[in-house]
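Just the one chain here, laid out as structure tokens, in the form predicted alone.
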Amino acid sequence: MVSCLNKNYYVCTGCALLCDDIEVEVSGDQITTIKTACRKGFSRIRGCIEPMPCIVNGKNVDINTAIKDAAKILKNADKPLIFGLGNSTSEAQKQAIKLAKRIDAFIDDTSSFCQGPTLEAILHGKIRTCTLDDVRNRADVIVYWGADPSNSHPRHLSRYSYFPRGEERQRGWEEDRTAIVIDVRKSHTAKICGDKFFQIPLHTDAFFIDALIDALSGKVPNMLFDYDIKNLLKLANILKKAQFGIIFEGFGIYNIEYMETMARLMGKLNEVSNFHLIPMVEHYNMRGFNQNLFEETGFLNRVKFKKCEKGFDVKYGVDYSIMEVLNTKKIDAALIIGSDPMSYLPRSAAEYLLEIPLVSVGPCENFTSRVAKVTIPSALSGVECGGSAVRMDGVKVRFEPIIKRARLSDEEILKRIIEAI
């Protein structure tokens, strides 16, 4: 599916829902009115508060000088890292992969320490999935597991999951849909679900899944923590009766060990009912990066390229994630694109970025751009430049720019860095 756009409606790149019904009014090169967008989308479309200059060693320079210095840093590095790209177009991501090959780089994104295992299981066919359009039209049982879309994806419930009147769910949330939240706290979404909120202790998701599998199998659940078995059996009964069920997996649960358990749950659910899973990806094109790298290498993230007689040797492993390569000081330069690892990585990992030559490419100033040796401002994708992306459910979406400004896109910057190298 590819979004069809006209002069009135645009795609929002505020999150991985990629809503394609955003109405914007423009005067000259300024956006004057934004309609339909949620608070996150409004903030994204409104753009950066102030334009960011090109900076090299703390001094303002022109774009050609910044690109030349960035290329020099990456060319001279023995073990460079390319990281980010979840907020870049698919075209830019492909250029980043090309650059990684050229300079024998590590390449990774945030999925390596969040929802990568889920997406890997989906792409390998181990977990059944569907599209958001299928959910809107057919889903009667909706489970938000470790997710709070009311805050993370504000239009999720109204546009795709709980509230819409779909082709097969004309009576909507009042009669045709059951929404469930499984989480460690009572979130805003849990309040909407009322008595269908199942609260579990922290770090007990895998144990809860095992007990739920027992209940779905007609066995007495083996509870390894204090929990009302009647409540668990109530949940199992609802899931068994689903005609078209969906689990939206949030950031509250993510790791390889958990995914093995979730795969078993999905297998059991599809023995007794009909269930699918979609990860609640947040960055608008994180899934696009995973799919583009998967198509190129067979891996979603944590890749190390190295030239060899056959062309390129591709290595993959847990020790290639950004946290491991920073903690073990395996890299000597880094190119960060559309991301701010200085603000969210553990201090031990983030501090090493201060010790190596750092190049930051992105539309807005952040902690990473402030400490970078070279900072290159880029166009805000979906606002100042167009391209394509992959929605959280795997649907490809094309989008056009709302306004035209002089800043280069991530794709153009990466092309010029490759040319300079």
Partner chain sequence: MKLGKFLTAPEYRLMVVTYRDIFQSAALENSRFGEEYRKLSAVIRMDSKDIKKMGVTEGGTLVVKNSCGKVVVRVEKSAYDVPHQGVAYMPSSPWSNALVSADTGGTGVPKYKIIEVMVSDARGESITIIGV
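Positions refer to the first chain, counted from 1. On a predicted model such as this, the values are computed, not experimentally measured, just so you know.
Missing here is the form predicted together with its partner chain; even so, the following discussion is about that form.
Original post:
Here the chain is shown alone; which of 348, 76, 231, 217 has a heavy atom within 4.5 Å of its partner chain in the predicted bound form?
Top reply: By the 4.5 Å heavy-atom cutoff, the listed residue in contact is 348.
Original post:
Which listed residue (299, 258, 207, 251) meets the criterion of a heavy atom within 4.5 Å of its partner chain in the predicted bound form?
Top reply: The option sitting close enough to the partner is 251.
**OP:** Can you check 240-248, 262-270, 91-99, 184-192 and let me know which stretch has heavy atoms within 4.5 Å of its partner chain in the predicted bound form?
**Re:** Flagged stretch: 184-192.
Original post:
Is residue 294 close to its partner chain in the predicted bound form, meaning a heavy atom pair under 4.5 Å apart or at it?
Top reply: Although its partner chain is absent here, residue 294 would stay clear of it in the predicted bound form, with no heavy atoms inside 4.5 Å.
**OP:** Flag residue 65 as yes or no: does it have a non-hydrogen atom within 4.5 angstroms of any non-hydrogen atom of its partner chain in the predicted bound form?
**Re:** Residue 65: no contact with its partner chain in the predicted bound form.
Original post:
Can any non-hydrogen atom of residue 373 be found within 4.5 angstroms of its partner chain in the predicted bound form?
Top reply: Heavy-atom contact with its partner chain at 4.5 Å: absent for residue 373.
Original post:
Is residue 154 close to its partner chain in the predicted bound form, meaning a heavy atom pair under 4.5 Å apart or at it?
Top reply: Residue 154 belongs to the contact set for its partner chain.
Subject >> Complete contact of 52, 131 and 396 with its partner chain in the predicted bound form (any heavy atom, 4.5 Å) >> reply: The answer is no; none of 52, 131 and 396 reaches its partner chain.
Subject >> Within 4.5 Å of its partner chain in the predicted bound form: residues from 22-56 (heavy atom criterion) >> reply: Counting only heavy atoms within 4.5 Å of its partner chain in the predicted bound form, the contacting residues of 22-56 are 39, 40, 43, 44, 46, 47, 48, 49, 50.
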